[in-house]
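Given next, in structure tokens, is a single chain: the form predicted alone.
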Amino acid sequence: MTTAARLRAESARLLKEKGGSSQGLVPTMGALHEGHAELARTAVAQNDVVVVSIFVNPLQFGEAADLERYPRTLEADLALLDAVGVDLVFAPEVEEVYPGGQPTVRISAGPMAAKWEGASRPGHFDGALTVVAKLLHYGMPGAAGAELPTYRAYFGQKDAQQLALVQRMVADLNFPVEIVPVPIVRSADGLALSSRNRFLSAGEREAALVLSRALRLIEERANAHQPLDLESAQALVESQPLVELDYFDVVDPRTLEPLAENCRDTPFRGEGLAIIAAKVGPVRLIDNVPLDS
């Protein structure tokens, strides 16, 4: 379906028909892969009605060429979601989401968005949070009997900074929704699944495996309560000539600030998040791994 009015009507009808008490939303930009399928499967397992949105948000792209290049595979996406058991797919046109053109009032992602991905993609997270806020409103369930149904929205942990910002937005602005993180899905060789992986050549894809290998080194050291020795893991990445490293650090998973403890040289304790971003050929890839000693 392509309109918010139809989505609200159909989700209300299904909730009533099923006698349901919960509704889940999985926001996506399409070009779906097994990682998205896992998001949808998790939502289906936890809710009576599940909505998946497919919308390539123009506010998230700094250059028109990147927006045009983003893959659009709606027919294949619908087949994947049908196989998983999703109830409703919301695939609006740009005019439905932004009926007056680009919005003059937007969500400001704040200082948490100024670093890491935000430093490389200025304005990206303002655009992302603006559309997520709208999608969370579109996917909100109507009343089912005396009480509102439980409402959950599902986001992948691969986009760790986006997930942290969505969680903060929902808390700060009192959205009546539970944000459910879903772990990263990887291919058998360890590469985090991404819609951008299809743009990698065979050689570039092989080179990209150094990202997950470097993260695993950090994870193994954290699990063993060893110093993380980030410099040697970074050197591993930089030894791969097809990979241009942007950032590689260990941060607090909630604030995204680098850990105050000098865990590079002292035994790791507590929890953290190792994050990495790099260009592999023409493709920008991100990955991360949670650390919990």
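These numbers were taken from a predicted model, which means no experiment stands behind them. All residue numbers refer to positions in the sequence shown, first residue = 1.
The form predicted together with a small molecule is left out here; the points below concern that form.
Original post:
Which of 155 to 163, 82 to 90, 216 to 224, 103 to 111 has heavy atoms within 4.5 Å of the small molecule in the predicted complex?
Top reply: Checking each option against the 4.5 Å cut-off leaves 155 to 163.
Original post:
Can Arg41 be called a contact residue for the small molecule in the predicted complex at 4.5 Å between heavy atoms?
Top reply: No, no contact at 4.5 Å.
Original post:
So, in the predicted complex, is Leu245 in contact with the small molecule at a 4.5 angstroms heavy atom limit?
Top reply: Result no; Leu245 lies far from the small molecule in the predicted complex.
Original post:
Using heavy atoms and a 4.5 Å limit, would one call Pro122 a contact residue for the small molecule in the predicted complex?
Top reply: No.
**OP:** Flag Asn47 as yes or no: does it have a non-hydrogen atom within 4.5 angstroms of any non-hydrogen atom of the small molecule in the predicted complex?
**Re:** Answer no; every heavy atom of Asn47 is more than 4.5 Å from the small molecule in the predicted complex.
**OP:** May I ask you to choose, among Ala207, Leu193, Met140, Ala133, the residue with a heavy atom within 4.5 Å of the small molecule in the predicted complex?
**Re:** Checking each option against the small molecule in the predicted complex, the one that comes within 4.5 Å is Leu193.
**OP:** Identify, from the list Val170, Val185, Val94, Leu78, the residue with a heavy atom within 4.5 Å of the small molecule in the predicted complex.
**Re:** Flagged contact: Val185.
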